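One chain is shown next in structure tokens, namely the form predicted alone.
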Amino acid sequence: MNEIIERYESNVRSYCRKWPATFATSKGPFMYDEDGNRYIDFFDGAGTLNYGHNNPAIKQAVVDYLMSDGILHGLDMTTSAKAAFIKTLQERILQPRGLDYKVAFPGPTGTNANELALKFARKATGRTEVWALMGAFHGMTLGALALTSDSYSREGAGLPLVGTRHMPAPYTLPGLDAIAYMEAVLADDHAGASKPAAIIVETTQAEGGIQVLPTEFLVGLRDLCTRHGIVMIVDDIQVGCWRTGTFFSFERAGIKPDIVTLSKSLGGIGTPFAVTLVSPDLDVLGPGEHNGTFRGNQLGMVAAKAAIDFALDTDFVPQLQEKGALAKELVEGIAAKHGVEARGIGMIWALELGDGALVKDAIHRLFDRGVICEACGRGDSALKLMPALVTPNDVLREGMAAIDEVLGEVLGR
């Protein structure tokens, strides 16, 4: 089967180069290849499988819907699946948190959700520039790619990426007050920048190296946006849906963004699905002004509703804090033992090795030991750890033990 891939699939493929197996089945925190070998999944579909592979409750809801001949393709027509999802999202997630958002359905991926957020912000304010942070990743379509900061991704566009400006993240320069810097740019008529329509932020930068932005920075950014009439967008595509310990990653800061984008684990079991949550006063696009054949994926709506119900009707949420604490203990213990930096929150962590070649070596060695991990950060210099949120403690310990062993090898300690 690998020969078929090598011969016919485009050179643009990437993940299969890191994990040279043909995967066949998966369950919970595990993936299995065609030969039956088991792998602990610390990649988690880049944050798409928070509830585990083939979560039984979510899968059953999807199977039941399929067997009932439910609508599979509905564009933005009114369907029972859409009504059920919106009702569940509003009553079980948004209203208990005091959040008042309209729900917009873009195409089924995270980058689509960010593209729609940009349209809302630009039309509502009449301004064009959008600010993002250094270290940001917001997608690979042109508008979202202009917000993404890593040079490799940007160079793939093949043309200038315009309409955005990157501001320092809080960790970028030691001693720099990033909020004060933005204030200075807004106040200085010689700064060479115009007031932006929006500022978009990941509260924890995932691809940027698992950089947990300080709570005080998030509060300060919310205040800055409010005072200057700038739309605050939180990209919760990778670190939302309970990944940091709460459904929305910004809950720890007690703030209300103007727009929130969600995808990845919103679809429950890997079902393509995305939403853009927008404050009612910014819901300014006319009918059909944003469009797409596969917006509002019906199976995604069914799976997303089932995922919310699963999280809130089982012991999933109560276990989040325990699992996050265990992950922190294990990762920080490995970091201390090997003299490297650990960064993270909840169930998303990085071990900074400082050298992309070492991380690449570690990824291959871990794969040989049955653990799937990814790289992140500048120059892919950090090992990224994203276990499924339902990973049993003993499996979490088993995977971390393999990481400990591998780091000892690649670091020569």
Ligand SMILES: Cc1ncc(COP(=O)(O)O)c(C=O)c1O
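One-based numbering along the sequence shown. On a predicted model such as this, the values are computed, not experimentally measured, just so you know.
Another form, the form predicted together with the named molecule, is not on view; read the next lines as being about it.
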Quiz item: Among Ile199, Leu147, Ile259, Ile237, which has at least one heavy atom within 4.5 Å of the named molecule in the predicted bound form?
Solution: Ile237
Quiz item: Of these, Thr88, Ser279, Gln298, Thr111, which has a heavy atom no more than 4.5 Å from the named molecule in the predicted bound form?
Solution: Thr111
Exercise. Using a 4.5 Å heavy atom cut-off, indicate which stretch of 336 to 344, 237 to 245, 94 to 102, 166 to 174 touches the named molecule in the predicted bound form.
Key: 237 to 245
Self-check item: 4.5 Å heavy atom contact, Trp131 and the named molecule in the predicted bound form
Solution: no
Quiz item: Does the 4.5 Å heavy atom contact test between Phe137 and the named molecule in the predicted bound form come out positive?
Solution: yes
Quiz item: Taking 4.5 angstroms as the cut-off for heavy atoms, does Glu207 touch the named molecule in the predicted bound form?
Solution: yes
